[in-house]
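The form predicted on its own is given below as one chain in structure tokens.
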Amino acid sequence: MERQATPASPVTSGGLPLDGVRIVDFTVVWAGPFASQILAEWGAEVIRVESTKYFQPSTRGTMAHPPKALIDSGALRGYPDKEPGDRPWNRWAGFSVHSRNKLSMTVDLNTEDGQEALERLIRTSDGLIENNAVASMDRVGVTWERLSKINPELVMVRMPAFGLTGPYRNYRTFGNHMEALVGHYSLFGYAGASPADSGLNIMADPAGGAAGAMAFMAGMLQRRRTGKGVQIEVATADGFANYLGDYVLDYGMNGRLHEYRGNRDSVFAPQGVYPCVGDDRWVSITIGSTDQWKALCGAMNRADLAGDARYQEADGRRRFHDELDAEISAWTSGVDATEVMNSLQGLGVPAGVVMNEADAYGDPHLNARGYWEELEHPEAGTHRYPGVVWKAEETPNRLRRAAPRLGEDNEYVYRDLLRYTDDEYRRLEGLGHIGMDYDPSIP
């Protein structure tokens, strides 16, 4: 499809692999924004399509106008210095970390004007990514059947939680619900605990996000080969079920249901997380061979354990795991966690400090690699962010722009890309269709 000359983007990529690729972004919460984050990092121009009329929870915060008392109490987190500011939606950490290098426009898709803007944007774009409930997209006309007619070369990646078909297609969900439904929460927890005590381990979202980014690139390769666009369905729950494949197969082949086993492994032994010097300081240790077991015993200065016949093989170490955990804990509780990690790693034993956020920011390895990158945001301030997800040889990459404020790039999108006149632009502003603030009636 012939495209008009492209004006300079507010986010320049400096010749990265996806330079010149434009993606319409309808993503929400975490999985979808992580997918488009990866693509934006590698040069794609990602335009977030948002609305001043509707606030999407858990995307730009929990609510548009959060009470300061809730933030002070710790019930709502993620605002720098616990201050919501005049526009809290521009200061929320969850949005800031997953929307760097992106642009933001506002549009009311419930109006004819909004639908016209959407059609113009689709005509000048290469792809679209969304991860909403199917019915939500149907209501505003974001469907393959419609958009592929507007732009036959469009690559459309759809990431609804449970897919485009089936009885769950319109279920509203977050990552923890998806993981519960595919069996994750029935597998991971402390022995004897119930699912209510297993903790909140949200892994489906980032896993789905990475899959979504890869799916988009597969679609671009398909388009290059055929000259035609394609719709790719990346059902987040389906994808995460693959991460549990060995458990599912074990049940299918052996009829065996797994029970919680805490930090222990079904093969390696001992394996666990052990207390160290300090308040709530821990180190994880895994023994995968007899040589590693003897190395651990040497570090502990416990020749008696190394020579004990009961512990020479993994089967014996698993059988006496409780006893070995007590011995290891007695040693680690008197040692600094970093010292344990470094000494065991020096002996070829897998070990790692259980870090908190402060540890990660100060970690010498991450800092030596230049992992943290500083970005300045006009409303959220200057902070260090996790760097680009992937690295490429001889292709330097970095974070180029902080997350966009709501509607920050309206002028670029409407005037430069979509060729709206000054009068048209001002009319849409007057209708509240274009703006940088949510409707005051939104809580």
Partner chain sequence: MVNRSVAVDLPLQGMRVIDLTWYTSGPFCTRVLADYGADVIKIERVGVGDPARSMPPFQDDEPGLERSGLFMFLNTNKRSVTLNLKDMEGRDILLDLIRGADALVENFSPRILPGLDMDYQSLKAINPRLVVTSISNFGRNGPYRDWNGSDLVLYGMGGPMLNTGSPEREPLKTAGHTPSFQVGAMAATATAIALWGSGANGRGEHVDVSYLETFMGLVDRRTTNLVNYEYAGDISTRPPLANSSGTGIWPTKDGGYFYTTVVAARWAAMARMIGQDGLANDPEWNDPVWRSAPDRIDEFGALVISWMIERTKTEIRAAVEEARVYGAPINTIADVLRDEHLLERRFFQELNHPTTGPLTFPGYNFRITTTIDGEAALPPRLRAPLLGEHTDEILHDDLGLTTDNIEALRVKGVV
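Fair warning: this is a prediction, and the values are worked out from it, not measured in the lab. Positions refer to the first chain, counted from 1.
Quick note: we don't show the form predicted together with its partner chain, though the next part is all about it.
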### Message
in the predicted complex, is there a heavy atom of its partner chain that lies within 4.5 Å of any heavy atom of V248, even though the partner is absent here?
### Response
yes
### Message
Can you tell me if A64 lies within 4.5 angstroms of its partner chain in the predicted complex, counting non-hydrogen atoms only?
### Response
no
### Query
Taking the shortest heavy atom distance, is D363 within 4.5 Å of its partner chain in the predicted complex?
yes
### Task
Could you confirm whether R77 comes within 4.5 Å of its partner chain in the predicted complex, counting heavy atoms only?
yes
### Query
Among A326, A135, A303, L257, which has any heavy atom within 4.5 Å of its partner chain in the predicted complex?
L257
## Note on the structure
Answer key: of E112, E357, D315, D86, within 4.5 Å of its partner chain in the predicted complex (heavy atoms) is E357
### Query
Only one of 294-302, 328-336, 116-124, 226-234 gets a heavy atom within 4.5 Å of its partner chain in the predicted complex; which is it?
226-234
### Query
Which residues within 365-395 place at least one heavy atom within 4.5 Å of its partner chain in the predicted complex?
H365, L366, A368, R369, Y371, W372, A380, H383, R384, Y385, P386, V389, W390, K391, A392, E393, E394, T395
